[in-house]
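First comes one chain, alone, set out as structure tokens in the form predicted alone.
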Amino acid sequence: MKVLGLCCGRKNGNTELMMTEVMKGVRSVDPAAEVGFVNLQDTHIQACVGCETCMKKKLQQDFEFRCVHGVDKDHFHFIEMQMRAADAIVVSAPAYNLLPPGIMIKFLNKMHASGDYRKITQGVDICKVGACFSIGGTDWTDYIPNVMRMITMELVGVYDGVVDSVHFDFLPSFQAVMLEPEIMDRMFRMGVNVANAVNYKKKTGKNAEYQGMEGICAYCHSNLLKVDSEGYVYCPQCNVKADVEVENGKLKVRFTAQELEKSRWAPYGQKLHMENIGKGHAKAAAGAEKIRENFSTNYKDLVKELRLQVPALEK
């Protein structure tokens, strides 16, 4: 069994200490397990610049490509290879402005430039096991647990592969988690849950039951809702329509099985997503000459004039 952790907090800080407890939990189930974590703060990840090369390659059914930055230009390829070899991936982050730190988002943005990663991770029978945890200095953190589950889902293939998730507030200080034995016990239990899920998957070919914090959406466990312009209610992460009613002043939310099958993360949603991207690229290709003409006539010089020049930095 191989379990990989991804941290993006301070070195020797709360998330590293909590991740260590997760790995201890894994080893309590399988003493021979190969465990370890990468702290993304120690890495250099080239930011995605939106060149669209990877998306065009996918539309052409070419899954052998890697990001145009090159595999030897940053640490993404190293982490990708660790992920591909892992049976489970555990993701952790502190909350910065309601979100994980930017380095985690930079890493996620590069995932689509890693060849056939969806072919390897996606599907109920072949996805990896995933788990995640996050911490905040105060309780201004309602958004990050949902983002963390979404990131973990992207790394392991489907939400059904995410076996555990949890969030803790009021941990603003360096290594303060060592004063919270209940939290460390919960992290150890997350490791046990991950290891048991890996063993269960190897034995049955099925995903283990979700053990994490519950939400409203039955698919992604989000506790968020959105209301569209017509008054319909959806899960904003899955884009799944909900049936709602008010009972004794409380909102009751229900997602039907039929609607859940239309989640943007399910095969239906993934297929629709790629079809819509394909249509967009086809429209742009058909109008390429018009785009070039319009840009040259109306925008090229003006954009150059308006773009502020950033000062050079000392090396």
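Note that this is a predicted model, so its numbers are computed, not measured. Residues carry their position along the shown sequence, with the first being 1.
Although it is not shown, the form predicted together with a small molecule is what the next lines describe.
- Here the chain stands by itself, but in the predicted bound form one stretch of 287-295, 300-308, 7-15, 21-29, 7-15, has heavy atoms within 4.5 Å of the small molecule.
- Proximity to the small molecule in the predicted bound form, defined as a heavy atom within 4.5 Å, singles out one entry of 212, 136, 215, 115, which is 136.
- Out of the listed residues 96, 200, 143, 232, 96 is the one that sits within 4.5 Å of the small molecule in the predicted bound form by at least one heavy atom.
- Of the heavy atoms in residue 171, some are within 4.5 Å of the small molecule in the predicted bound form.
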